[in-house]
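Shown next are two forms of a single protein chain, provided one at a time as structure tokens under the names structure 1 and structure 2.
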Structure 1
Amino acid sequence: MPLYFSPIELERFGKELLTKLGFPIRHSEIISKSLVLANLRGVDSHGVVRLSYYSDGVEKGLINPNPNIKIVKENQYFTLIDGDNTLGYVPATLATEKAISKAKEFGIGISGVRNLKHSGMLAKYVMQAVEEKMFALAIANASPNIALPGFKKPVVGTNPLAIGFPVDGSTPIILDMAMSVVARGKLLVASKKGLPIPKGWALNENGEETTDANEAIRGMLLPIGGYKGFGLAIVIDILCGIVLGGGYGLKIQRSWFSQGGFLIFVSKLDMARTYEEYLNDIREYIKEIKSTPVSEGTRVLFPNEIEEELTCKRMKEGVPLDEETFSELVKLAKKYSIKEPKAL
């Protein structure tokens, strides 16, 4: 049975912990809020569960808690930021702000961050731009865990992308997806429960498709659509790793907090038509698709609807944490002499 926590209490805990780890208060706040936002949206893999990995990274000197974040290059539409090896949340938030302000002035803005660690759930950055009535696309690359059948080693990360469109007065469209068929977490869950996994999720160490969760954990994840998702993961690896210079997957040390680069593209939505025309059409679009005939029990959902529903639910009922995650947080509380998160 999970325990439930108010988002504010989890934010308080994260902020205190990160501050003890050496992050400036303002950074601790941004990181902690982002983690809890992920929990609220049901993306628990990117929520407070990461705190113990992050503290581990800081202790080992692999994450810089007190960085000198610098703008390395800048022109009319582009900003390149050096994250000084800190967690990506703060530099990526800054990168997003820069891209938004350039887009406001100029129509579009592009920002990149290199020399950073994990920047968390990409939807967060895209939502930042969507709140300003803009389109955004964000990508990030990670260490390899995807391969195609026959490969004996993973060569590319799950390399997520997030894309967002504002919809006035209604749920914005926010797509946030990794290039693997399923997240690695699903293999871990199946393994714990002693259940097989469906064909098409993963490969074993020999590059053969497997339905054994433990074999899959030692093996690799399969990309969506075979060579298609594989190709998209490669594209993201090249953009973040090579074009920006953040380092590509095979050069990234495997850990729960590693990352190559972060890239965000932001654009105003009035380049071809007025923003009002855009808004009218997108409302009509959603309405039209929502009225598709479906079989009983099927819902027509746009990307972000489930996440918004969960956010409402969890704002009311609290964020559920499983016992394992909670006990990790309790350990951290003891170690850093802060108050453990109090359940509802």
Structure 2
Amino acid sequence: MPLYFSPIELERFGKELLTKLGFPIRHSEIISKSLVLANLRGVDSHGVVRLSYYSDGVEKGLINPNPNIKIVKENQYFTLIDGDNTLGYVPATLATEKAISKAKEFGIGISGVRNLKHSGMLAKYVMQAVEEKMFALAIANASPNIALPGFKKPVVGTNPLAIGFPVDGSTPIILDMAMSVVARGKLLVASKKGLPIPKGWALNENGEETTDANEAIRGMLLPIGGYKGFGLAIVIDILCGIVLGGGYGLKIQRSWFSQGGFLIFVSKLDMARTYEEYLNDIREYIKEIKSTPVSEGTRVLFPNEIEEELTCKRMKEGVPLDEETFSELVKLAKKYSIKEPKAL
């Protein structure tokens, strides 16, 4: 049975742990809030379960907790940031803020970050722009974890993509997806629980389909949509790894916190027409699709509706953590002499 925790308590624990690991307080706050936001939205694979892997990365010198984040290049529309090998949450947040600022002034803004580690759930950055009534698209590439059936080696990362549109007075439309059938973090969750994974998720090291989470972790994930998802992962790898210079997947060391580059594009929605015209049409669009005839018990849902519903539910009832994840947090609490999270 899962234990339930208030979001504030999990944020407190994450902040204290990250500070003990050497991250500045402000950085610890941003990272901890981002992790808990993922848990609230039901993206538990990108939530506090990652803390033990981040601490391991810091201990091994693979993650820089006290970086000198700097702007490498900047012009009217574009900003390039060096993350100094830290977790990507802080430099990616700065990149998003820069893109939003430029979009407000010039209509569009683009920012990239290289030399960084895991930046977490991409929806977080898209949501920042959507809150400013703007459109946003964010992508990132990472170490190889995807291959097609028959491959005996992964060649490209799960390489997520997030896109967001504001809908004033209603739930914004936000799509956040990896190019794999599932996020690799779900293998981690299944492994910790000792559970099998569904068929169609992953391959073992011999390129054969497997339902064993540990075999899948050593092996590779299948791309969503077969060759189409594989192709999109390749394109994102080129954009973030080669065009941006973050390093393409095959050059990145495989880990639970590796990443090549992060890229975000933000645009005002009055570039081609007025914002009011955009709103009228997107509201009509939602209404039309919601009125589609469906069989009894079927719901017509847009991207982000389930996540918003789950966030409201978890804000009231608490964030559920399985016993294995809680046990890992307890170990971290003892190791770094901080108070373990208190369940509701």
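These numbers come from a predicted model, not from an experiment. Between two forms, the rigid core is the largest collection of C-alphas that superpose within 1.5 Å. All residue numbers here refer to structure 1's sequence, counted from 1.
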Check: With each form of the chain shown alone, which structure should be assigned as the form predicted together with another copy of the chain?
Finding: 1
Item checked: Displaced residue check between the two structures: Pro196, CA, 2 Å or over, core reference -> yes
Note to self: After core superposition, I'd like to know whether Ile173 moves between the two structures (criterion: C-alpha shift of 2 angstroms or more).
What the structure shows: no
Note to self: If I superpose the two forms on their rigid core, does the C-alpha of Asn75 end up displaced by 2 Å or more between the two structures?
What the structure shows: no
Item checked: Rigid core superposed, the C-alpha shift at Glu205 between the two structures in Å -> 3.2
